[in-house]
Every structure is written in C-alpha cells, then in structure tokens.
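Next up: just one chain, as structure tokens, the form predicted alone.
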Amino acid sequence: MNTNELKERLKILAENNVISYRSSDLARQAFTQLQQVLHIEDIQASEMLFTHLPSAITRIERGEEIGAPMPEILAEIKTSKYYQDAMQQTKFIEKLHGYKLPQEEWDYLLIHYTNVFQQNEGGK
C-alpha cells in the first residue's frame, strides 16, 4: 500500500464513521514513520495494520473493548527477529495517541507490525 491508497482507505472509513478523523490522522503519521524506518514508499501487506490501527484508536475513544489475541500467536511473535522493531513502532503509536494503550490493542498492533516487518524483510 502506498500513501495515496492509505489516504483513500482512511477517507472512506472516516466518512462512514467507522473511524474517527483523529485516528485517521494518527494512522497517516504512523504510516509515514514506518515508511521512513523501512526506507520504502510502498509497504507490502500493510492493509490489515492500517485498518486495525485507526479502528483500535477509535474503539479506545468510544470506550469499546476488544478480546485478547490468542496467546500462541503472541508467543510466536515474540520469537520474530522483528519483534523489537514492532515494539518500537507500537511505542510510537502510544506516544502519538497520548495515552497508554490497552494491553489487547498493544498485542494486536505487535502482531500486525511484526507481520509487516516480515513481509517487507525489515526494509532491507
């Protein structure tokens, strides 16, 4: 996905009140950050991450909760060579958000970020 595709996706989601405009802005900033980290413009397999991210922020804003991911998936993610990269990006999200993320959302973001790093070979 490239920046224009992301903007179009976020616009549709925001216009249909699926996500907030604030979460859309946050997702755009996070996408730009990830492009810089990976040194690429077109981030492969990032659609799920950049749909989940603004949805997660919107759920938090609306006081909605989400169930935790399966522990087996988290255990597998923790063995990835990109786990620390995913942690850094999730910390960046929390900083942009300005509040502590619920553990469930934190864990899902780690899963999605780790997958994106793997799909893009860490930008190398």
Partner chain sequence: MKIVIGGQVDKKEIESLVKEFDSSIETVIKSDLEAAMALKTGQVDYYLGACHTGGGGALAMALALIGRPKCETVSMPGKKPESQKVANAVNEGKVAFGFTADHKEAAVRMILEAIKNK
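Since the model is a prediction, treat every value here as computed from it, not as a measurement. Positions refer to the first chain, counted from 1.
The same protein also exists as the form predicted together with its partner chain; that form is not shown, yet it is the one meant from here on.
- Using a 4.5 Å cutoff between non-hydrogen atoms, Pro71 does not count as a contact of its partner chain in the predicted complex.
- The closest non-hydrogen atom of Arg22 lies beyond 4.5 Å of its partner chain in the predicted complex.
- Contact check for His97: every heavy atom lies farther than 4.5 Å from its partner chain in the predicted complex.
- Interface residue remark: Tyr113 is not counted as part of the site for its partner chain in the predicted complex, having no heavy atom within 4.5 Å.
- When contacts are defined as a non-hydrogen atom within 4.5 Å, all of Glu47, Ser55 and Gly67 contact its partner chain in the predicted complex.
- Note on the partner interface in the predicted complex: the residue among Ser80, Thr51, Gln35, Gln29 having a heavy atom within 4.5 angstroms of its partner chain is Thr51.
- Residues Arg9, Ile12, Leu13, Asn16, Asn17, Val18 are the ones in 6-43 with at least one heavy atom within 4.5 Å of its partner chain in the predicted complex, listed in sequence order.
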